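So this first bit is one chain, no partners, the form predicted alone, shown in structure tokens.
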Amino acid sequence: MAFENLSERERLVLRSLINHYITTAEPVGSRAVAQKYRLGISPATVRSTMQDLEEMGLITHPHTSAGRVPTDKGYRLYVDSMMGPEALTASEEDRIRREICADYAAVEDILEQTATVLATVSKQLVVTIAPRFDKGVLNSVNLIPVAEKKILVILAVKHGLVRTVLLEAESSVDVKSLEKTADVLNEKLSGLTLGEIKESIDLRLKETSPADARLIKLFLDSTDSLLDFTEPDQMHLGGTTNIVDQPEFRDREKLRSLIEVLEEKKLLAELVSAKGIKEGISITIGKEMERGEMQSCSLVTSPYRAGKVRGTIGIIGPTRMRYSKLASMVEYAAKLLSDVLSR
């Protein structure tokens, strides 16, 4: 059915029912809609309209309850054509701004604190994904000895993004060799994007005198791990207990399935990143999620930028989430992150 042809009365009743259910988490009856929202129509008319909406698949009866709840289709129609913007309060904006714009040493700290403060303000689960580094420009390479055969490789990318990887050499390496090798790596690789380095590193490191040949070989052999920026530790979670405490997850089986997904960090990171590809706010509702275990949830995402590289910020909650407020929150945080990380 073409839902754009809904009558004004049907739209009013559906919007009122969804707003009420988001607030109460209880199935909504016709009397509650008629009395609370003062639509100017009787409970009997509301009841008849709700029956029509149910036949359209926009609301449904849960079990034997007399009340109705929205379906994923109902939420989708609400989000796409009925939901108005809901501004953050001044105190909410101030708290988020203070936490995100504080003076942090590394991007990871900013992303972790962003997840924490948004979880506190939103009362939902928040995910922040570090920027994809393949388009990040390498500033410098540092090789630091940490044990007899262990070397810490530090890749510093523009806009404060840093990656550290611990490598193990076959034999001990002196500090002077590490310094000479780091100088050569910086001469050959600095100023290139990590994607360019990954594609052409063999050619670029053919002539590396006076670097230590053993270290160059170790660097080449470790390229995949050094330049792999899709690891789970690039994702930060905040407010896991918030989603566990939602009424929807009193069902232990539903809760167990959700927790399994949350524990698969790489999978969760890929899911959130995939939804954050589009510019601006993206809202994914219930069965629109690829994973069956996540179909009791919705996801609000937005990309943010650090120069030319992009990361993703997202809020996960039950489908009965306050979409308009959470969309404003994600949009505000993404803008702040972009401003801070692109300076």
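Everything quoted here is computed from the prediction, not taken from an experiment. One-based numbering along the sequence shown. Throughout, rigid core stands for the largest set of C-alpha atoms superposing within 1.5 Å between the two forms.
What comes next is about the form predicted in complex with a further copy of the same chain, which is not displayed.
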- Message: Please identify, from 90 to 98, 190 to 198, 72 to 80, 164 to 172, the stretch that has a heavy atom within 4.5 Å of a further copy of the same chain in the predicted complex.
- Response: 164 to 172
- Message: Considering non-hydrogen atoms and a 4.5 Å limit, does a further copy of the same chain approach L220 in the predicted complex?
- Response: no
- Task: Examine V184 and determine whether its closest non-hydrogen atom to a further copy of the same chain in the predicted complex is within 4.5 angstroms.
- Result: no
- Give a yes or no for R250: in the predicted complex, does one of its heavy atoms lie within 4.5 Å of a heavy atom belonging to a further copy of the same chain? yes
- Message: Taking any heavy atom pair closer than or equal to 4.5 Å as contact, tell me whether L255 reaches a further copy of the same chain in the predicted complex.
- Response: yes
- Message: Only counting heavy atoms and a 4.5 Å limit, does any residue of 67 to 94 reach a further copy of the same chain in the predicted complex, and if so which ones?
- Response: none
- Message: On a rigid core superposition, would E86 pass a 2 Å threshold for CA movement between the shown form and the other one?
- Response: no
- Item | Cα displacement of N186 between the shown form and the other one reaching 2 Å, rigid core superposed | yes
- Query: Against the rigid core, is the Cα displacement of D251 between the shown form and the other one at least 2 Å?
  - Reply: no
